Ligand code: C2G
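Presented below, as structure tokens, is a lone chain in the form predicted alone.
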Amino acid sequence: MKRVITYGTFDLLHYGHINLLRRAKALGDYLVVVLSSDEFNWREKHKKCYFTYEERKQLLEAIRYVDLVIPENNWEQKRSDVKEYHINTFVMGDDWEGKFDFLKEYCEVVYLERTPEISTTQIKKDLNSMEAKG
């Protein structure tokens, strides 16, 4: 069985997320999604999520491409996750290109092209802009 892993916040789930998960799953048989915890998002990324960790986890678990969702609590856990879950392929969006090449000694590292016209950041900006216009 070929195991694939990816990481993210997956707040305000949209079709760009679904595209990434579908393409990640196509690289193997079993997809592990490591979901940033609320504490990690705030402490390390300085992000406040609209949905809680548990709500985002529930949404991801409902997606047919996702086999397992586990929490991301720190930047350093990637190496141990790859080992613990016997990962063959590590997948991230191409905006992280090169950042996780250190994992190549443990597994294949793939950077997938993002869906260009959509992002959670852009959705939040658009919603704030619409709210400001009244």
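In this text, all values refer to a predicted model and were calculated from it rather than measured experimentally. We number the residues from 1 along the sequence you see.
One more form of this protein exists, namely the form predicted together with this ligand; it is left out here, but the text below deals with it.
J.: Indicate whether this ligand has at least one heavy atom within 4.5 Å of a heavy atom of residue 57 in the predicted bound form.
T.: The answer is no: residue 57 has no heavy atom within 4.5 Å of this ligand.
J.: Is there a heavy atom of residue 100 lying 4.5 Å or less from a heavy atom of this ligand in the predicted bound form?
T.: Although this ligand is absent here, residue 100 would touch it in the predicted bound form, with heavy atoms inside 4.5 Å.
J.: Even though this ligand is not shown here, does residue 28 get within 4.5 Å of it in the predicted bound form, heavy atoms only?
T.: No, residue 28 stays farther than 4.5 Å from this ligand in the predicted bound form.
J.: I'd like to know if residue 81 sits close to this ligand in the predicted bound form, meaning any non-hydrogen atom pair within 4.5 angstroms.
T.: Contact check for residue 81: no, nothing within 4.5 Å of this ligand in the predicted bound form.
J.: Considering 85, 42, 96, 50, which brings a non-hydrogen atom within 4.5 Å of this ligand in the predicted bound form?
T.: Selected residue: 96.
J.: With this ligand left out of view, which of 63, 32, 92, 107 would have a heavy atom within 4.5 Å of it in the predicted bound form?
T.: Only one listed residue qualifies here, and that residue is 92.
J.: Which residues from 2 to 25 come close to this ligand in the predicted bound form, meaning a heavy atom within 4.5 Å?
T.: Contacts from 2 to 25: 7, 8, 9, 10, 14, 16, 17, 20, 23.
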